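Only one chain comes next, encoded as structure tokens, the form predicted alone.
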Amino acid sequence: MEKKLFGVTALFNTPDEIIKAAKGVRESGYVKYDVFTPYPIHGMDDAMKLKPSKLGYLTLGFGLTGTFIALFSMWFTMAMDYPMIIGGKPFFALPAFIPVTFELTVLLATLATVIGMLTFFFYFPNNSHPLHDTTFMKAVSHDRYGVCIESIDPKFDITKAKTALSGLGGYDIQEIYYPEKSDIRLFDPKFIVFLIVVAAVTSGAIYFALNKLVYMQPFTWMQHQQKLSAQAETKFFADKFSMRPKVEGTVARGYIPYEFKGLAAPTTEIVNPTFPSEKNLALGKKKFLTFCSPCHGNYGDGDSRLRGQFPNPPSLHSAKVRGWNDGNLYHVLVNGQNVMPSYESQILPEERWAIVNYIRVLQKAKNATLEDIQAVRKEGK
């Protein structure tokens, strides 16, 4: 059987020589050729006049697909299928969705790039390229540079191709032929038996490693550590609790404990130490909308935004609440009241006072007197 010619190759010694050779092959009119170097060489794209790769379009398409899938999935889940208000955020909380969106975009773009490159550009699963295992490939992957003019080029003539490469300074010019095809039976009995043996050995080794080996000495160090696990019983302390209470009377550095913690109401009047400036009210509005509005509503009317998931609280505009001093409002934020939990661990002291000031603004706006309205109009002139 006559061998089929793949192309003609030639070797070069320096980067300058391969750049010159690439330009010469292109200027000779060849279009089906390739250049091989052991490392990227600056200027090779211009020498070969390569067009931009179409692989980028595949990457872009799948990357945008990942972006759409991530955003649509999170929007549908959080805003349509199972809407939940988390920390006062809107149903479509875009900033919170960005990390997942970024990850899925990069994941699909990367997978599409690698799989597309192997499948559409390298014709995977074809792993029997004619240049594989040739002395030419061994040279250009080590310390030489080479050019291969393929026989499918419209202008290809074996004699002229050799002459052209020789004239450009090429040496060790070779004719590369396609390897002889060999029939490989996928369902060969020996191959099937080999797969079964590999699967059995792999499964057995993994089962042994995960279910037996980790329980043998000295591989049990992860199970038996000199530590106390949270909420686990211990024999070290008399009460058998591993989670230890704070030592009585200790105070964290930089922290002043609330002296009326746990009481139904403050035993003395608490004075508001802040001034309701524009900056302070902006902070109070932000924290109110985040922590308070899901239950109390955006304006404190008790019109919960939780769609009946919890009982609606009383309005902040009632005569009772408006009659409280600022310290009582602050006290409720720290201790909680009825079904309202404590927000001591979530809201800083200065933020609590800012919320109190903002509640006073809402109350004033909701229950303004004629004198208040006239005063505001006078200031606006």
Partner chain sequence: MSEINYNYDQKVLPKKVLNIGLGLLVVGTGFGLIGLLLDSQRFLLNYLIAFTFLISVAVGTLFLVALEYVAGADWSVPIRRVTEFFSSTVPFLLILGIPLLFNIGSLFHWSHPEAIANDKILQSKAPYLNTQFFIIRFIVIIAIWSLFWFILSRNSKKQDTSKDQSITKRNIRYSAIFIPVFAITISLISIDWIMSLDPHWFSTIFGIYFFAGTVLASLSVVTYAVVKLYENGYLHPRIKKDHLYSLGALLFAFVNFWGYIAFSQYMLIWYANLPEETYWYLNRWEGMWIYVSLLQIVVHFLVPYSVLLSQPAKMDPKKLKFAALWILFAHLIDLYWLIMPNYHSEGGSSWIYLLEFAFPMAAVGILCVVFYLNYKKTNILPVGDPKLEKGLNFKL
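The model shown is predicted, which means the values in this text are computed figures rather than measured ones. Residue numbers count along the first chain shown, from 1.
FYI, the form predicted in complex with its partner chain isn't displayed, but the following is about it.
- When its partner chain is considered in the predicted bound form, only one residue from 83, 311, 99, 179 comes within 4.5 Å through any heavy atom, namely 99.
- For the options 168, 289, 93, 270, the residue carrying a heavy atom within 4.5 angstroms of its partner chain in the predicted bound form is 93.
- Under a 4.5 angstroms non-hydrogen atom cutoff, its partner chain in the predicted bound form has residue 43 among its neighbouring residues.
- Its partner chain is not drawn, but in the predicted bound form it has a heavy atom within 4.5 Å of residue 60.
- Mapping the unseen interface onto this chain, residue 89 counts among the residues with a heavy atom inside 4.5 Å of its partner chain in the predicted bound form.
- Comparing 35-43, 346-354, 315-323, 328-336 against its partner chain in the predicted bound form, the single stretch with non-hydrogen atoms within 4.5 angstroms of it is 35-43.
- Along 233-263, a non-hydrogen atom within 4.5 Å of its partner chain in the predicted bound form is carried by no residue at all.
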